[in-house]
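Next comes just one chain, in structure tokens: the form predicted alone.
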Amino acid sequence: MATEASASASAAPAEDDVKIRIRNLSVNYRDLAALKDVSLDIRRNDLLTIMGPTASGKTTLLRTINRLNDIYPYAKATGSLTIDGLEVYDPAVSASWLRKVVGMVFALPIPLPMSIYDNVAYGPRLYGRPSRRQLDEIVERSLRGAALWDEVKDRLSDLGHHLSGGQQQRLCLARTLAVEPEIILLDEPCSGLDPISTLRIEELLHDLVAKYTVVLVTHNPQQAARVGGDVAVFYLGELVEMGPAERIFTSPKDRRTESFISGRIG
């Protein structure tokens, strides 16, 4: 089935439409094969949802795109992963540059121990020397982009961790937007949120793809169906199949996809 999935993924977008191209990617943690010969294309300004049961390799794929696995000496990636044609694992590619281009929001929101304003301003200060006026503009624009500005504009000096869980997650998204990435990776960003906060995050995804390439990881097939876009299904480190959400949920080609959607595996 991996062969069928790889073939369909590689046949999809035209060259100019591809933001991230992955070919024959395998990732091992010592003797554990977390990803197995994965090939897929992610279009620029597209929303791709990666779904599958626990231990399918979903988070490993995000960490590989962002080179967060570099911190583990026992992690080994083979194959090819390019962004706009640039090989991510080329020794000449700086990890710090990559993480500015590829922002990531994790499942657990972790505001920095500082004010709401300084949380958002942290990245721009790290990468440059913006003036106070420029910072004010960046903070407002980023908080608006994360649909949080109207809720916090009168309390920017409050500590970030004083916000609710859903607001903290959107603050972390605003902190990512502030450095103007090209790609945003979201690793189960709604896993600990209430239904209202989850809805706010899901609504944001469609606004974000106007400017960014967005990759969402979820364990929840209902969420993948709600947000639409393209869906890639993973199981035990393999790419099972990939296609438009409507097709995946109405006529899956692989029995493992159908079993996950129906709740028989998960």
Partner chain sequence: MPGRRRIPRDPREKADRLIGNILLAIAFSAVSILLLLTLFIFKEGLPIFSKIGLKGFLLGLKWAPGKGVFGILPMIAGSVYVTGGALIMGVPLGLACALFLSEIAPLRLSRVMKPAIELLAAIPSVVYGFIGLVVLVPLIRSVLGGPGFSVLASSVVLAIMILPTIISISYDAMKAVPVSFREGSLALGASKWQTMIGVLLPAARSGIVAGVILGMGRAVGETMAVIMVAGNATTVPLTPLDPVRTLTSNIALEMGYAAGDHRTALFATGVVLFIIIMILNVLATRITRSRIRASFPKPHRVSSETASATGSAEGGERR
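Numbering follows the first chain given and starts at 1. Everything quoted here is computed from the prediction, not taken from an experiment.
The next section is about a form of this same protein that is not shown, the form predicted together with its partner chain.
- When its partner chain is considered in the predicted complex, Ser39 lies well away from it, no heavy atom lying within 4.5 Å.
- Shown alone here, Ser142 lies farther than 4.5 Å from its partner chain in the predicted complex, counting heavy atoms only.
- Among residues of the shown chain, Thr176 is one whose heavy atoms approach its partner chain to within 4.5 Å in the predicted complex.
- Not displayed here, its partner chain is kept clear of Leu163 by more than 4.5 Å at the level of heavy atoms in the predicted complex.
- Only one of Ala147, Leu156, Met104, Leu135 comes within 4.5 Å of its partner chain in the predicted complex through a heavy atom, and that residue is Met104.
- Note that among 205-213, 66-74, 221-229, 41-49, the stretch whose heavy atoms approach its partner chain to within 4.5 Å in the predicted complex is 66-74.
- Using a 4.5 Å cut-off on any heavy atom, the residues of 41-59 that reach its partner chain in the predicted complex are, in sequence order, Ala55, Ser56, Gly57, Lys58, Thr59.
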